[in-house]
Ligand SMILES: Nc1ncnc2c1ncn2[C@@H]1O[C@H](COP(=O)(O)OP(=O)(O)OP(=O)(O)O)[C@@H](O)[C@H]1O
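Next up is one chain by itself, shown in structure tokens, the form predicted on its own.
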Amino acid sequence: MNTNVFSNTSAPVIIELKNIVKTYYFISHEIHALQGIDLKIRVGDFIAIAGSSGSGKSTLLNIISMLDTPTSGEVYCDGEDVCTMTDKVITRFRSKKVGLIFQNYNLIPVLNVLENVAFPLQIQSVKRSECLRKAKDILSQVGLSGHLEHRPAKLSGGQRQRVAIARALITEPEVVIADEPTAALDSKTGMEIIDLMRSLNESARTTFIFSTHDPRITSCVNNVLELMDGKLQYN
């Protein structure tokens, strides 16, 4: 069993995985994507999960973000057993606790920047005026006050990534999970995005978890977890 040690070991544990196994079954064979993962993620962590293609990074990220369930093992978020929750409860729980930043941004093309960022609050039945106020505030924080009316197709890759970050943060999640956040960005823009997320981590103690191949990210996080053949290696 693996045990990881972070620099902020005095901080509360927000997500804990215990002996996580994920197996995919096919007609003629099985794929053991994760094999006995033990992991504690603490408030304020700024960490990267690295590994080659097929190592299990996406599977692990999906379980941490509660988008998928393990074949066996236990998942806890704020001490609550996620594996015993119904899908409806998990969805509601995740919407309050976790912000997701996707590699391809997943912005809604027919909505402008302001509407894209406000959308997560709208589906939580927050008043439209409050949704827009909060969206404007957070877009200002990520440097996009001048692009509120633009649709995604009119933005650069770096601008779209900033919109995705703002959208992930508008619900004030405790944990932000980012899948290859700099993969489609040039070097300068990639570093600006990393610096922005580090600033948010330090100012609000938002926990960030990255899945990445990018050495720019692995060189600036507090800890790198290396996945190899479905098992964690700690650096």
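One-based numbering along the sequence shown. Bear in mind that the values here come from a model prediction, so they are computed numbers and not experimental data.
The form predicted together with this ligand exists for this protein as well; it is not shown, and the discussion that follows is about that form.
- Contact annotation: this ligand lies within 4.5 Å of heavy atoms from the stretch 30-38 in the predicted complex, the single such stretch among 30-38, 200-208, 164-172, 185-193.
- Mapping the unseen interface onto this chain, G56 counts among the residues with a heavy atom inside 4.5 Å of this ligand in the predicted complex.
- Proximity of R216 to this ligand in the predicted complex falls outside the 4.5 Å heavy atom cutoff.
- Using a 4.5 angstroms threshold between heavy atoms, T69 stays clear of this ligand in the predicted complex.
- Contact check at 4.5 Å (heavy atoms) against this ligand in the predicted complex: all three of Y24, S52 and E180 pass.
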